[in-house]
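Given next, in structure tokens, is a single chain: the form predicted alone.
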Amino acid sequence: MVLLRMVQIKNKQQLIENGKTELVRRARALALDSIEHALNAVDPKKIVKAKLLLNESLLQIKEHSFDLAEFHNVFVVGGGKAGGPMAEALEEVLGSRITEGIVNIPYGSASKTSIIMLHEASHPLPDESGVAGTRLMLELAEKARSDDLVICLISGGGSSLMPCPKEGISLQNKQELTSALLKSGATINEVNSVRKHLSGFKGGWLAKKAYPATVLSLILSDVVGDPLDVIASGPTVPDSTTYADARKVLEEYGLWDKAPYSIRKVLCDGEEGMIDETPKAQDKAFQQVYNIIVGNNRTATLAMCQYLKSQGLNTALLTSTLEGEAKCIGPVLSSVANEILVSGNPASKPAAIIAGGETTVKVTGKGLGGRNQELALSAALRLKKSDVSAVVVACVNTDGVDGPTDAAGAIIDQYTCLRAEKLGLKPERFLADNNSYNFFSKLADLVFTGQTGTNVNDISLIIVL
């Protein structure tokens, strides 16, 4: 039996009551209920157990089969925000067939295992505990032989939770650069191209260390489009980027001259061929590697669509690959809501439009916030005022942590800016200062879930009643 920890929005009732009219309160309730359905649809434990089938000694996942009787050892390694629940599920399926394992998980995770060691570490900035756990994983991988199976559990957050700086690079250097990259507005693909070239674990190096063992990676995707080499920086996937690409990212975002000397030296030495490139597709280490996506943003957004349709709403999935600057995407969401009000397109009332993906924020202010909070705030500024309809937009991170805050995101309606003005707040100033958290805190419109134990990008939705 699969025992699930159902995710609930902690301040749900307060968020509903913040609606000015009964219709707005109804729209808020629908939005929040659908978010809970989406989050529980991507419960990592549920997903992994549903994907794995063990029939005597035969382990099946999708079109692949592995006869465990042919393997001497089954080692488990990995990391990410969903690492704990994924490890729990694997233990419930394989039990004593697992020889040993270690998985890095965020501090405060509630998961419990008996065979696989769950090693707590820091996210989004790596720490020494993460380094220690990652080194233990590499030791386990190097121990594997041709008759062994290495199962890797990979999920979003794995890049930070599985740090292994190259020789000559200190963890502090890597922390400084990671922090600067996350504030620069760089996409996760760009950030990870840098991370891979500063690591002895990411960018295919784990697979290289595990060779000649068979490697099975179960991956919960937190990257738009599910590029295998980007999710958790692709520890078991050939790397398509180069040292030169990593350098270009730092130059493009004005970080090259600010980067620690040790990092610039490694990237320059790599460009000149003095340090080995990350393993590429032709490397024999990948001949017995199987990388399988078990869940992604589309899994969450489709569950949201299904729920809202069941509630009688005309529902459409706009995209599960949303990208761009948050403060620019917010007005797009509000323009869709406004169009529904004016013309009934792309869906007539009662309508629900869902979008998944991951936006970015270029931090120029001194405030506190996250990309989903900034997305919601920028949308609030453009919503049409209507006293005969209800218009609600909600934006959350599926891991429950939006940026460096304790909120998952925020919810707005057509009265949000009016409520703010009555409190003497100027939304434009909060947006300009990247201070969306404090704006929504004053309105009590932050969404709190706590750590969800999953991570499949962000979800946004528009409700118009």
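Residue numbers run from 1 along the displayed sequence. Just so you know, these numbers come straight off a predicted model, no measurement behind them.
Just so it is clear, the following notes concern the form predicted in complex with another copy of the chain, a form of the same protein that is not shown.
H119 falls outside the set of residues with a heavy atom inside 4.5 Å of another copy of the chain in the predicted complex. Shown alone here, P124 lies farther than 4.5 Å from another copy of the chain in the predicted complex, counting heavy atoms only. Not displayed here, another copy of the chain is kept clear of I292 by more than 4.5 Å at the level of heavy atoms in the predicted complex. Taking the partner from elsewhere, P346 is found to have a heavy atom lying within 4.5 Å of another copy of the chain in the predicted complex. When another copy of the chain is considered in the predicted complex, only one residue from E339, E92, E176, D245 comes within 4.5 Å through any heavy atom, namely E339.
None of D148, E325, D283, E271 but one reaches within 4.5 angstroms of another copy of the chain in the predicted complex through a heavy atom, and that residue is E325. Stretch-level contact analysis of 314-322, 206-214, 188-196, 103-111 against another copy of the chain in the predicted complex, using heavy atoms and a 4.5 Å limit, identifies 314-322. Proximity of V7, R25 and N40 to another copy of the chain in the predicted complex is absent: no residue of the three has a non-hydrogen atom within 4.5 angstroms. Residue R382 is the only member of 377-394 with a non-hydrogen atom no more than 4.5 angstroms from another copy of the chain in the predicted complex. The pair V332 and E252 separates in the predicted complex: their C-alpha atoms are at least 3 Å more distant from each other than in the form depicted.
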